[in-house]
Each structure stands twice: as structure tokens, then as C-alpha cells.
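Okay, so here's just one chain, in C-alpha cells, the form predicted on its own.
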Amino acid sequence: MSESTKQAAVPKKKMTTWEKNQFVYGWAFILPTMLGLIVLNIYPIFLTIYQSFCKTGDFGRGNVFIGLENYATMLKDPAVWQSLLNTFKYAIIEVPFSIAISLVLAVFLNRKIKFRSGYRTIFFLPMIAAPAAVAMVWRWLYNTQFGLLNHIFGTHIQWISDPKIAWISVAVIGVWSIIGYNMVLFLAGLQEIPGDYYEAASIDGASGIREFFSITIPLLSPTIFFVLVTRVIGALQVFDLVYVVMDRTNPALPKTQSLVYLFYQTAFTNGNKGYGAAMVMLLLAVILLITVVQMYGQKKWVHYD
């Protein structure tokens, strides 16, 4: 008798009642999440891809397939490329500055100091505040006539009306609002670093700065990489700050609006959902490309052991 015949002749073991319960309860717990992912994530992705090849029909008609016309129009649209450039400019300021500041804060707040929990709470408060409320407060700070910043510095700078500096002003709000979240992630990573390394470095006479660059940064590199990837994705998807801070009549809007903001105006204000979907696909391709580069580059500076 061959080996395959012997295996076929062996009766399959029946599932016990406990195993059946585990199977049923397991699927019962993961099914809502799976349905949520399908309905809220996977289905919209495929629908967006389809709509990017369509034009919203007139007089109540459905989507009309037009092929690559939306993409051809987008390649010639200067507003799309200007918005993509604005998005990159925002990310260039928000990502590195927020990571650097939050990392330094995390290092200081990881030490035993008075009112440490209070300081952590204060720095994390902007993260739990509503983006609309945060933007409205900063609009008051940036106000040319009676804003606090101009009052302190004795100037009349148009912080959010001057196309040359408006995008920097918006990026500053982004940095301020995300520092607390990054700081919490870095604090979690710092607490996983054994204190023996710092004790040995102290015995060898290493300074605090030397310990920071020789011990903290290498051992914290997986956390830094995670924060870097997520912040790049988040910065490239910025919308709420631009939407609340910048009015549609603001002369600096063309030099400040992000690609997601332009998508919102195109798809929901102007009703051209097909063209808006094409913009989303462009942003998706850019994010995927940058993420792939980051995943490849991590091999050179991220240490997992």
C-alpha cells in the first residue's frame, strides 16, 4: 500500500466541542472588523479606481466611462501640480521638525523630573483637541490686525495671506499639533532601552550628547522609522488645517492648498468626482513610491537588534 493510500485510509480527527467553540467565537470576533475593512476601506479603493476612469453623468445619470481622459487632463492641469508641490512643501517642514522636537522632548520627559506627568499631558493636549478648534485659535494668533504674534513682535506680517509665507504658517500649526503624539511613541520606545547601556557609557565618560547619538538614536531607530513613515503619509494627506485656516477668498490659497484640499473642492464642491478620483490615485501613487523608498532605505540605518 502506497504512502498516499495509507494517509487517505486514516480517518480525519473530528473537532471537539471546545475547538468548534473556538472556531465560531474566533470568526465572530474578527468578522465585524473584516466587514468594516471591506465596506470602509477595500470597496472605496476599487470604487475610486473605477471612478477615476469615469465622468459624473449629467441629469442624474451614472458614471460615464471615458478611459484615460481624466489622467490626461490632470497631467496638463497646473493647479494639480501646484497643489502637489504645496503638499510636499508642507511635509518637508512638518515631518522632520515634528520628529526632531518630539524626540528631544521625549528624552527630557523620560527622566525623573518634577511634574513629569503634567508636562507630558500638556504636550499631548493639542493631539486630543479638535482640528477645527486648533485651526481657529491659530487663525486668531496669525491675524494681521489684532493677532497675538504681531502684537508681541510689533509687526504687521500677513501670516496666512502672504503667498510667500502662508504655507510655512500652516506647517507650523501641523508641527505643533502632532508633537504630543510623536512624543508618546518615542517615550514608549525609550522605556524599552535597558539602562545598563547608559550606565556603561557614563562610566566610560560619555557625555549626554554622545549617549544620545550613540545609544538612544540607534536603539530607538525602529520607532523613529515607524513615526517617519506614518508622519509622511499623514502630512501628504493634510486637509483639515488648510480647509479651516485658509478661506476660499484668501489670495494665498493657490500657493497653500494641498492635493487633498483640491480633490475636495473638485469632487464635492464642483461635483466632478471622476476627476477628483484621478487626483486621489495620483496621491496614492506618490505615497506608495515614497513608502517603498523608505522601506528600502531602512536597511541602512534602522537597527532591530
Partner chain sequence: MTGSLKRKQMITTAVIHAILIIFSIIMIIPFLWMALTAFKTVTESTSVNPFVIFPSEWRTDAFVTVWNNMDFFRLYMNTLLLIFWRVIAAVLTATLAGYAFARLQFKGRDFMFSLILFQMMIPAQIFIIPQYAMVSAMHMTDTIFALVFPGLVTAFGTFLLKQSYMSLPVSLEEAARLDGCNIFQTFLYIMAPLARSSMVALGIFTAVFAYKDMMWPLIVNTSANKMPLSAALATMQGQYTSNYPQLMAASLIAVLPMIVIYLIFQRQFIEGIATSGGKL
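Remember, predicted model here, so these are calculated numbers, not experimental data. Residue numbers count along the first chain shown, from 1. Heads up, when I say rigid core I mean the largest set of C-alphas that superpose within 1.5 Å between the two forms.
Same protein, other form: the form predicted in complex with its partner chain, not shown, and the subject of what follows.
When you look in the predicted complex, the only residue of 213, 81, 124, 153 with a non-hydrogen atom within 4.5 Å of its partner chain is 124. Of the candidates 217, 92, 133, 72, 133 is the one whose heavy atoms come within 4.5 Å of its partner chain in the predicted complex; the others do not. The closest heavy atom approach of residue 235 to its partner chain in the predicted complex falls outside 4.5 Å. At a distance threshold of 4.5 angstroms between non-hydrogen atoms, residue 239 is in contact with its partner chain in the predicted complex. For the chain shown alone, residue 273 is a contact residue for its partner chain in the predicted complex, at least one non-hydrogen atom being within 4.5 angstroms. Residue contact with its partner chain in the predicted complex: residue 54 places no heavy atom within 4.5 Å of it. If you check its partner chain in the predicted complex, you find no heavy atom from any of 88, 165 and 298 within 4.5 Å. Contact residues in stretch 160-184 (any heavy atom within 4.5 Å of its partner chain, taken in the predicted complex) are 176, 179, 181, 184. After superposition on the rigid core, displacement of the C-alpha of residue 271 between this form and the one not shown stays below 2 Å. Here residue 23 counts as shifted, since its C-alpha moves by at least 2 Å between this form and the one not shown after the core is aligned. Comparing the forms between this form and the one not shown on their rigid core, the Cα displacement of residue 38 reaches 2 Å or more.
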